[in-house]
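Below sits a lone chain in structure tokens, taken as the form predicted alone.
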Amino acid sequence: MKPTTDLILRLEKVTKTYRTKGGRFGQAGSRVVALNRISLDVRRGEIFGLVGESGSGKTTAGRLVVRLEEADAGEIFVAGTRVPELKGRRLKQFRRKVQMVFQDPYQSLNPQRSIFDTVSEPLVIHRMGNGAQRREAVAQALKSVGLSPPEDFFLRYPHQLSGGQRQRVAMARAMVLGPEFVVADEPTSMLDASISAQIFNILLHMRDKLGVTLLFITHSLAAARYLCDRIAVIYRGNLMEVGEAGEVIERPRHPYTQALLDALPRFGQCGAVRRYNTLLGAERPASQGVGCAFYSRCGVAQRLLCSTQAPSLRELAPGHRVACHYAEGPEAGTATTEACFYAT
């Protein structure tokens, strides 16, 4: 299924902050900005990747979209509906259309419920079908995620499954209602490479055969390149770069995107390897809430400008937006090459 121009998700200047626990003697906790006025749109029929390191705000964005948390400011629209306004029956209908696959299958599955009870629970909550119809729906959901024959898994419990099988069950539970939009929050972060590839293929099947639009949250640009049509790079709650997946990864313009590419492992490669070297070895001091969010770690930054003025997210090429003062300068997009050899 090819992406369309029809938007299924739109975020407009969404902000979310948390406050840490206070210390002794009544000290107030510090304020942590998880998302800082981010604006995004996701087209129907695409896999949109949200990429960043741990603590960048990726999961927070996903939880806001599925209404597990409330934004402090900004607007969130899913299929034209303003999400914060949903209550009662409308919220329940929204839950049928929008689902989430969580990062940790060990915690997202109830150890006291069988696989059949786990996957059929959404059908029971939404009063869909009779007993025979629910049994058939659960069987189809398990089969669609590669758990075959599905009847062999009905009476098992999570502790009797491998990590990859648990994540497949979590995906089946999300898909059993036939949703239009799914947030996949690092679904392979706890799995090895071979199982991760299988999960990726299931996500592609969900998009291509079932027509599901996905927001794929990940820390890996390699995974985003394999799966996603478009990606957004986020750092400490701020959008750094947004564009077509191939364009962003082949021609990265933001120093943080370049640093993420430098961090990718390159085992067994020969020949020249591009390295951008945009990440400082030690952070420089920076004023909180002033200037570029990446200033303290950026090897390209200039103090007088980057430490005092936050860059806007501007379009440098069709569909390719970057929040960097020097994205068009001589330093942007340049890289050194290093020879890489097989270990002997």
Partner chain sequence: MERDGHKNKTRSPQLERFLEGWSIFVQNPLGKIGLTLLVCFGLMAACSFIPPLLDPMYDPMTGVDPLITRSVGPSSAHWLGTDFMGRDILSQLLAGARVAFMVGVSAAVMSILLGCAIGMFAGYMGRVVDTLLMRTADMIMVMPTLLVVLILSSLFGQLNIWTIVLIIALFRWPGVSRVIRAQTLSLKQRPFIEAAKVAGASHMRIIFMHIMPNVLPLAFLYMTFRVTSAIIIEAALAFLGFGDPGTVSWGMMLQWVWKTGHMFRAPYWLLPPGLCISLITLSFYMLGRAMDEVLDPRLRKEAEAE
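This structure is a prediction, so every number in the text was calculated from the model and none was measured. Numbering follows the first chain given and starts at 1.
Beyond what is shown, the protein has a form predicted in complex with its partner chain; the following relates to that form.
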Look at the stretches 134-142, 148-156, 210-218, 72-80 and give the one with heavy atoms within 4.5 Å of its partner chain in the model of the complex.
148-156
Among 107, 112 and 198, does every residue place a heavy atom within 4.5 Å of its partner chain in the model of the complex?
yes
Examine residue 92 and determine whether its closest non-hydrogen atom to its partner chain in the model of the complex is within 4.5 angstroms.
yes
So, residue 68 and its partner chain: in the model of the complex, are they within 4.5 Å at any heavy atom pair?
yes
In the model of the complex, residue 238 touching its partner chain (heavy atom, 4.5 Å):
no
Can you work out whether residue 179 and its partner chain are in contact in the model of the complex, taking contact to mean some heavy atom pair no more than 4.5 Å apart?
no
Residues in 111-138 with any heavy atom within 4.5 Å of its partner chain in the model of the complex:
111, 112, 113, 121, 122, 124, 125, 126
